[in-house]
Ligand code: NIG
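The chain that follows stands alone, in the form predicted alone, written as structure tokens.
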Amino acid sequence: MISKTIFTNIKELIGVQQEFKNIKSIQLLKKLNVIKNAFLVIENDKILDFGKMDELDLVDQKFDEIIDLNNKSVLPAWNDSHTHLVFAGSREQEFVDRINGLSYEQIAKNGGGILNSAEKLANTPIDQLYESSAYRLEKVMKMGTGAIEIKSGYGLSLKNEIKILRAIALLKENYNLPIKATFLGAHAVPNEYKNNKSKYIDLIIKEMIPNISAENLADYIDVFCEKNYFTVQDMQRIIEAGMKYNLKAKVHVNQFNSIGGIQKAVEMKAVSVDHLEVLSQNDINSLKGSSTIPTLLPSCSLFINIPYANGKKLIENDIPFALASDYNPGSTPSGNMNLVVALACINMKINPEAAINAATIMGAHAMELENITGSITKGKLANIIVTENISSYNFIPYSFGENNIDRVMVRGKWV
């Protein structure tokens, strides 16, 4: 049964892309296409038409619903391409420890960090894990997220990595937004392998990846490539193993150190390289013209007080990038993409146009969803945010502590 809805009197229709284009263009990142005083037509779960109000001809057209937005604005829903949303329990004590002077690395050495989350997850049944994750997913959807990537990585064993990925699979079944699953067994080395990391990598390659593939539980494979975690050579071994099972790479690199992870990831045609708080000229040279998308995580920098990724320098070097939340219990206990966009403007010194594009169309690209979401384009999913009556899209990052969302639609249905 066909259902048609028209939105009229839209103050600003934001993120318009008239046709499917090569969205890796830096020019598209810099320019935010807007139609003022616009209409938008949704048919079932997709965008059917849009344009200026003075061009709208209602003669002989029938709609199931006519919604007068009365000068509210519309933009594409956020596409959050880097999260760890499925986890067990919070880590607010580590938050207090950081306030009292301990660094992220010191907390990890004291048994906190990823290993803390892994211990909690091992003791949490899958139904409880799913319920808490579904609650978090519903919250971020209400804040405008219309597509999301979710990683494992707090299991660190075959049994518990599969537990997380099965919880993600249940979210895919029960929620209508696009969800991508990423296997991150190489998030940290568990205590039982701390003196034999190579044996743990063998477990990832020989047992975890084949079993995960057999259940079709993951779309991507990830590695935390960083000093004291996994080396560039480790990352290469794990990515190559994943590629044999059609798992493309989306990797953590350059959060604290530049050790060559970007160069190897680009060489191996990773879909994205994520974090990049530390960025050398050699890293920039490697990213230029590559198919790999940098993904920047400003709310992580805010929470653990580390440098912000240099988005402005990427723009100056014609390198488009995505913005994502990094939602996780340790370094970013927030999935609020509105805050992410604001932090990018405030602390990365990038324009609202670039920040909004990076959180919508480029976020879609970092999940290989650019052909179905991320812009106001005929034929794409009706994943949209309806704002309150704000003065312009610049107000979204400007009013960083407020919720300016009136309603959110995903696949043509209100959240």
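The numbering used is simple: start at 1 and walk along the sequence shown. None of these values were measured; they are calculated from a predicted model.
This protein has a second form, the form predicted together with the ligand, left out of what is shown; the following refers to that one.
- For residue 114, a non-hydrogen atom is located within 4.5 Å of the ligand in the predicted bound form, even though that partner is not displayed.
- Contact annotation for residue 91: at least one heavy atom lies within 4.5 Å of the ligand in the predicted bound form.
- Contact check for residue 294: no non-hydrogen atom falls within 4.5 Å of the ligand in the predicted bound form.
- Though the partner is left out of this view, residue 298 does not reach within 4.5 Å of the ligand in the predicted bound form, counting heavy atoms only.
- Of the candidate stretches 257 to 265, 137 to 145, 237 to 245, 323 to 331, only 323 to 331 contains residues with a heavy atom within 4.5 Å of the ligand in the predicted bound form.
- Between the ligand and the residues 308, 104, 303, 200, the one pair within 4.5 Å by heavy atoms in the predicted bound form involves 104.
- Of all the residues from 211 to 231, the single one having a non-hydrogen atom no more than 4.5 Å from the ligand in the predicted bound form is 224.
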